Ligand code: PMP
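Shown here is one chain on its own, the form predicted on its own, set out as structure tokens.
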Amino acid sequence: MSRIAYVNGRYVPHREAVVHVEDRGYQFADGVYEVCEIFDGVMMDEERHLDRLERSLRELRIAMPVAREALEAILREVVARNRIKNGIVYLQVTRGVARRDHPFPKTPVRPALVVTAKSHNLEAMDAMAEKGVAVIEAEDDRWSRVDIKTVSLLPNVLAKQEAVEAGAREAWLVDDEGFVTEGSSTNAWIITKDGVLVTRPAEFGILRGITRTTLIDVIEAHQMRYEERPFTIAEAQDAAEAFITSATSLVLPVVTVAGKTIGQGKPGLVATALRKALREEVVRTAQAERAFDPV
């Protein structure tokens, strides 16, 4: 079965999904996006993702392309038409199509909306989590408003490529003061030898990851100790455990940071337990969502 995409009001075969050459997302990276995990046919953390989408659009002064209820229906339809059981749904909103000029269009144009979906291999991700991954260190040379989930990701792409070429899964970005901000596409965590979970505050220095937020809910529910504060690569290398979080990887244990082995060089008990607890929360949410509004 061929994949189906939604492009500006139409459901089209993925191979025919195109946007205008003067779409401002293509010309200026003038747009935002969201990625939502699909588990057992249900979108996870949908409300939080759409809340963040609306915030990102407000920060860039872009209008919602359709009403929120309509967008929810479009997302579900794309998931259903692609028969996604486990995977992701991607949505992107740009300022729209206008003659190329740096200022906003003088005559308002309709924001452009694209939605796609694809399956992913849960078994492969679980196998990766059982082994653990490596991260490298890279300079954080992004613009200061990384709290907005824009499509302007070139520094992230270069950092991720650097990680790939080094045989690592991720690059942890380091600011001018020597502190880790986040990964190129994930949030960064460590667990101190005293058993305290540490992650950078979700201020303007990082993106407020949805999985990060849900994990904090899980951590608080289990009455675990955690701190939102900066940490360095050196502190991470001396930590008992480390891991990354994202919608696609959930909790993914890190066993090597910038060439140094963490702990025993294998996924730690806490990170492994958190991955299990987060997955259980995802399952519980999926079951509740299906009972209320099945896809």
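Residue numbers run from 1 along the displayed sequence. Keep in mind the model is a prediction, meaning the values are calculated, not measured.
Below: the form predicted together with this ligand, not depicted.
**Student:** Only one of 105 to 113, 88 to 96, 217 to 225, 182 to 190 has heavy atoms within 4.5 Å of this ligand in the predicted complex; I'd like to know which.
**Tutor:** In the other structure, the partner sits against 182 to 190.
**Student:** Using heavy atoms and a 4.5 Å cut-off, decide whether 156, 210 and 245 all contact this ligand in the predicted complex.
**Tutor:** Every listed residue reaches this ligand in the predicted complex, so yes.
**Student:** Please run the contact check for residue 169 against this ligand in the predicted complex: heavy atoms, 4.5 angstroms, yes or no?
**Tutor:** Residue 169: no, not in contact with this ligand in the predicted complex.
**Student:** Just to confirm, residue 142 within 4.5 Å of this ligand in the predicted complex by heavy atoms?
**Tutor:** Residue 142: yes, in contact with this ligand in the predicted complex.
**Student:** Is there any non-hydrogen atom of residue 149 lying within 4.5 Å of this ligand in the predicted complex?
**Tutor:** It does: once this ligand is placed as it appears in the predicted complex, residue 149 has a heavy atom within 4.5 Å of it.
**Student:** If we define contact as a non-hydrogen atom of the residue within 4.5 angstroms of the partner, is residue 28 a contact of this ligand in the predicted complex?
**Tutor:** Judged by the heavy-atom cut-off of 4.5 Å, residue 28 is well away from this ligand in the predicted complex.
**Student:** For the heavy atom contacts within 4.5 Å of this ligand in the predicted complex, list the residues of 5 to 24 involved, in sequence order.
**Tutor:** Contacts from 5 to 24: none.
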